[in-house]
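A single chain comes next, written as C-alpha cells; it is the form predicted on its own.
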Amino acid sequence: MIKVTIDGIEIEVEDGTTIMNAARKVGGKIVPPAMCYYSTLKGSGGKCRACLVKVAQGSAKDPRPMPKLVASCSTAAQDGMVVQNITSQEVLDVRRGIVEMLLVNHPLDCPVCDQAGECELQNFAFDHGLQRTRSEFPRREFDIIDIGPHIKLHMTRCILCYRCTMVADQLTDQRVHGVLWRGEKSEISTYIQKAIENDFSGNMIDVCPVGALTDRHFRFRNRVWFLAPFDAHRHCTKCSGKAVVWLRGEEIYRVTGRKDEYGEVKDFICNECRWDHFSKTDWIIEGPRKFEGWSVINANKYDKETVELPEHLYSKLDNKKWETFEGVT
C-alpha cells in the first residue's frame, strides 16, 4: 500500500493504482473528469486529455514536481506523491481549453439529441466550458447513417474517444468498425459498409459519452427525465441479465446496462436483453435506480432513500418525503 495526497486529502491505495482511481476512492469533486477512460475496457484512456492533473511532488523518494501536466487515467500513483486537481489554476485553465477543443466540431443540437440529460460532454462543458466558441472555421459534417439494425451513427457528434471500438474488440471477435483516415478527417465507420450485428453491439451505445451512437428503437420516442429507471434482471444464458428498464407508466421504453457513478457499465448486457424483452413480465423488478442528486433523471420521482441530496433540501418537505421538487432550490 502507498499513500497519495490529492488536493490536500491523503489516501492509502494499492501500489500500481492510477491517480484517477486513487481520486475515485475519495470521490466528490476531486475526481478528474474522463471522456475516454473506461475502467472495464483495457487500453482506454489517454486520448481526450480531460483528466490532466498537476503532480506537485513525484514521490517521497524523489520530491521533484513533474514538468508537465499528466493524464491521471494512465499515470500510476507513487508513495508520497502530491497531486493537484481542482486546487490548481493551471489544471482548470487547461481543462477549459480541452472542452473548447472537443466542442470545435460538435454541433449544438442538445435540444434534439437523445443523449441529452445523460451526456458526459454536456456535464463537462457546463463545468469547464466557455459560453461561446472562438472558432471561425466551418465544422465537420457527416451524413447520419445506420451501422446495423439497431444503431444509428451521428459522426458529427463523435469526439473519437475509441470506446466503441474497444468494447467491440473485448466483447466479440467480430468487430467490423473502426477509425478510418487520419487527423481532422478521422471518423468512426464500418469497413465497406458492413453492418454491426454481433450479440453485444448495443454496448457501443452505453459506452459512448456523447450522442454519436444512438438506439434506433428509442430515438425520439421519449426523454430520459420523463422515464423512471428501475434495476431489473432476468435469466439469460448470454450475459448477466442485470439491466436497467426505463418505464413510463407500465410501458418499457428502453433497456440499458447498469452504469455506476462514473457512467461506466460493469456488467455488459446482450442484445436479446436490450431489444427483445419490452414486457414487464419478462423482468424481475428490483427497485428504483439510484442516481446522483443533481441528475435531471431524478426530477419529480422517488424519495430520499433513492437519491442523494444535501440534507437542507429535505428540511423543506413535510416528513422529509421527497414527493415533488416544487419550492425546493
Partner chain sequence: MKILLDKVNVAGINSLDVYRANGGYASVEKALRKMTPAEIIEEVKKSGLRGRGGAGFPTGMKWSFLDKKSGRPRYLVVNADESEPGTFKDRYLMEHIPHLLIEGIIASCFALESNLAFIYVRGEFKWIINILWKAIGEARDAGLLGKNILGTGFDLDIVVHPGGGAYICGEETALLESLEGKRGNPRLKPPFPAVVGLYGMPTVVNNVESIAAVPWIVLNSGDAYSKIGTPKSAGTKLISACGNINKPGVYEIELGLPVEEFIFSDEWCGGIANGKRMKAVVAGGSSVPILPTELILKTANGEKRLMSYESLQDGGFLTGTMLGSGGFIVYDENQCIVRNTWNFTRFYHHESCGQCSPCREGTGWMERILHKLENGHGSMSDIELLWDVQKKIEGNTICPLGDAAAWPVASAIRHFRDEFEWHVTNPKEAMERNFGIREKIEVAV
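Positions refer to the first chain, counted from 1. Nothing here was measured: the structure is a model prediction, and the numbers come from that model.
What comes next is about the form predicted together with its partner chain, which does not appear here.
Comment: 134-142 is the region of 244-252, 219-227, 134-142, 196-204 lying near its partner chain in the predicted complex, near meaning a non-hydrogen atom within 4.5 Å. Proximity to its partner chain in the predicted complex, taken as a non-hydrogen atom within 4.5 angstroms, holds for one residue of Val210, Ile98, Cys113, Val82, which is Ile98. Note on contacts: among Gln170, Gln122, Ser74, Ser88, the single residue with a heavy atom within 4.5 Å of its partner chain in the predicted complex is Ser74. Three-residue candidate spot Asp7, Val31 and His128; no residue lies within 4.5 angstroms of its partner chain in the predicted complex by any non-hydrogen atom. In the predicted complex, Ile159 approaches its partner chain with a heavy atom inside 4.5 Å. Contact check for Lys61: every heavy atom lies farther than 4.5 Å from its partner chain in the predicted complex. Taking non-hydrogen atoms only, Cys239 never approaches its partner chain to within 4.5 angstroms in the predicted complex.
In the predicted complex, His235 stays away from its partner chain, with no heavy atom inside 4.5 Å. In the predicted complex, its partner chain lies within 4.5 angstroms of at least one heavy atom of each of the following residues of 91-111: Asp93, Val94, Gly97, Ile98, Glu100, Met101, Leu102, Val104, Asn105, in sequence order.
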